[in-house]
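Okay, here we've got a single chain as structure tokens, the form predicted alone, with questions on binding and movement later.
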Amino acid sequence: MSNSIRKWVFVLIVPLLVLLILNIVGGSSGHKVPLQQVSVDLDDKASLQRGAKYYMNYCFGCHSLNFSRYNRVAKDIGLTSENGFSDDDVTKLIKENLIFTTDEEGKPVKTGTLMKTAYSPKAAAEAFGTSVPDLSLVGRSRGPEWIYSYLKGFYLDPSRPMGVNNIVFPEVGMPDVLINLRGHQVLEHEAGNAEEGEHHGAPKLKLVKPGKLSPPEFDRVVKDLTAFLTYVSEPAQLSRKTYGIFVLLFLILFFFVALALEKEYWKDIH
């Protein structure tokens, strides 16, 4: 193999190996409970709109989105003129369905304002013993599978201050805000392998009191919430994947052009 071929193999293979190692390391961080798989479609504007609605009604009272703006979110989830909404319609929808906080003068904040909650860190610390985290980047730091599994993982636990615990995030400090929709769950364990000294097998959740929604309906609510939080964590992903395809096509084309140039430059030496 010539030196030029070795160089190109090095340039192409090493980055792939680095990405593979990072993926293995990220995946090996592990969870005691296997995460549930979820397929999130960020091109499904209806799902993002429902997710935004659920987030503002059930989550935004405590969890801010400090890196997002109301008007940018409205545009990204499909509230645009291309989808039949006028500027006045969009402004009205934002003010009536997304904005629940006021400025220092007591007036509703403007549509271009960052999505900060009115719940102060001090009040949160007094209520929950710690400050409530901002969820702007939870989709990137945890991933959609973790969010989906976490939202479905609450179960009754009288020993906890909020009366609930979470199978994905043990000793969680927040209440189960979706309990009325899901219903009451309890934690059970499958039978362990007595020969290996295991008294308890894998943990599982059992619904003992249905909520307002059936399990399939609740799953869709959680999926929509997961999709919205995944979008919020990186709004650019709505378009960067398309750009990425063109970039890869360009790099593939440029590779053959560069290889031809390299052969032309070095033909007299070899």
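Worth saying up front: this structure is predicted, and the values here are computed from it rather than measured. A residue's number is simply how far along the shown sequence it sits, counting from 1.
There is another form of the same protein, the form predicted in complex with a small molecule; it is not shown, and what comes next is about it.
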Practice task
Would you mind picking out the stretch of 130 to 138, 67 to 75, 81 to 89, 95 to 103 that comes within 4.5 angstroms of the small molecule in the predicted bound form, counting non-hydrogen atoms?
Solution key: 130 to 138
Exercise for the section: Have a look at Leu156, Val109, Leu178, Ile167 for me and say which one sits with a heavy atom within 4.5 Å of the small molecule in the predicted bound form. Expected result: Leu178
Handout entry: Proximity to the small molecule in the predicted bound form, single hit among Leu205, Leu213, Cys59, Leu42 (heavy atom within 4.5 Å)
Key = Cys59
Practice task
Decide whether Met115 counts as a contact residue for the small molecule in the predicted bound form under a heavy atom distance cut-off of 4.5 Å.
Solution key: no
Problem - the small molecule contact at Gly163 in the predicted bound form, heavy atom, 4.5 Å - result: no
Handout entry: is_contact(Leu187, the small molecule) in the predicted bound form, heavy atom dist at most 4.5 Å
Key = no
Practice task
Would you please decide whether His63 lies within 4.5 angstroms of the small molecule in the predicted bound form, comparing each non-hydrogen atom pair?
Solution key: yes
